[in-house]
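Take a look at this single chain, the form predicted on its own, given in structure tokens.
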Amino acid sequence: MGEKISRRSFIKTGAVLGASSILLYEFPKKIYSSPKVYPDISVVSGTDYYDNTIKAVASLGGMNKYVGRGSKVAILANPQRPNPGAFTSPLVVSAIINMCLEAGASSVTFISWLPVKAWEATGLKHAVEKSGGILEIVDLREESFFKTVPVPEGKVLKEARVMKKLFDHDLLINVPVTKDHLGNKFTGTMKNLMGLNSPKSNRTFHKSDWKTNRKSIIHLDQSIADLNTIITPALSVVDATEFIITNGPFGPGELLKPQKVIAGTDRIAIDSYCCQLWGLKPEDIVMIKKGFEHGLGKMDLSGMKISEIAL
């Protein structure tokens, strides 16, 4: 088991951003050591989505590699719509909660500005509470629940409005569902972080013709990539068990069922893997390319160690 990590050890601050800047989250890279070499990405497929999730994280070295004893864990899932393949599976969520608590987390809190009815309709509220997690929802209309964060490396996004509750926690676990998107064609780990940003701020990502105009789609993708430069999840666990490949992100749409759970820390690599599940190329997804250009991860998977397990 790892020891509890001081927040100071993984929050960026200081002269680079100025004294008024907000603390930026980045989990420490070498807190735990092990002689075993773990994969960069773990992919587990099978009909039991709970077991897939357990095995995917275990293959990376286990949840206690990321969650220190006594840690306060924030989780960002996607309860966007109750249509099949448009929300994070409750089984994936339950597995993550149980692993965090077993690793010694003092609390596991799902933070969101999406309404409670969305959590109820998708079954996620029941899954969170039954497994010992906490659901905290902020009023999306109240800007006092969000704090201005400078984006020093942003190319189009110069500041964000991040949910204040994030900064009450020691680490973030990102748990999106991968799926289609009407504008940029793909959503995964990177786009899910918009769920931490104020809806009012998110509206600046979308120009009026963001679904059809190439320049507006590029603006959306660059904004998402810029947002990802200031928030680094400790771990990403992607639900690719079943998801829509048309009419995203809300659905209903054509459903694909790879029955996979993908886990890792490299958001660019994970999104590159996930988009290929339905024949998309990473280099054709502007958001992935922009994230790669920011140095957020690897787009070429040929040199990465990917563990693929069928249960």
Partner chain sequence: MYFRPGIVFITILLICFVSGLNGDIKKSPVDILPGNIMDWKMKDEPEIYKGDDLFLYINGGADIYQEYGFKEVYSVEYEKEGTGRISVEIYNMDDPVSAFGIFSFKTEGKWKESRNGNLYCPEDYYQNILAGNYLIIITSIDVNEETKKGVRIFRKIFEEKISGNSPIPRIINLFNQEKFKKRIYFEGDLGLMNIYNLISTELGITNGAAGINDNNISLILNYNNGKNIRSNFSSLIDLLKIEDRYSEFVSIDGGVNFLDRKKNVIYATTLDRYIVIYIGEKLDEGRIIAKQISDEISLIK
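Positions refer to the first chain, counted from 1. Nothing here was measured: the structure is a model prediction, and the numbers come from that model.
What comes next is about the form predicted in complex with the partner chain, which does not appear here.
J.: State the residue from Lys155, Lys165, Arg161, Lys185 whose non-hydrogen atoms include one within 4.5 Å of the partner chain in the model of the complex.
T.: Only one listed residue qualifies here, and that residue is Lys185.
J.: Going by heavy atom distances of 4.5 angstroms or less, which of Pro84, Gly104, Pro150, Gly132 would be at the interface with the partner chain in the model of the complex?
T.: So the residue touching the partner chain in the model of the complex, by this definition, is Pro84.
J.: Please determine whether Ile244 contacts the partner chain in the model of the complex, using a 4.5 Å cut-off between heavy atoms.
T.: Yes - in the model of the complex, heavy atoms of Ile244 and the partner chain come within 4.5 Å of each other.
J.: How about Ile217 - does it come within 4.5 Å of the partner chain in the model of the complex, if we only consider non-hydrogen atoms?
T.: So Ile217 counts as contacting the partner chain.
J.: At the 4.5 Å heavy atom threshold, is Tyr38 in contact with the partner chain in the model of the complex?
T.: Contact with the partner chain, no.
J.: Would you check, heavy atoms only and a 4.5 Å threshold, whether Lys117 touches the partner chain in the model of the complex?
T.: Lys117: contacts the partner chain in the model of the complex.
J.: Name the stretch, out of 96 to 104, 227 to 235, 167 to 175, 136 to 144, where some heavy atom lies within 4.5 Å of the partner chain in the model of the complex.
T.: Answer to the contact question: 136 to 144.
J.: Can you list, in sequence order, the residues from 254 to 273 that come within 4.5 Å of the partner chain in the model of the complex, counting heavy atoms only?
T.: Read in sequence order, the residues that approach the partner chain (within 4.5 Å, in the model of the complex) are Glu254, Leu255.
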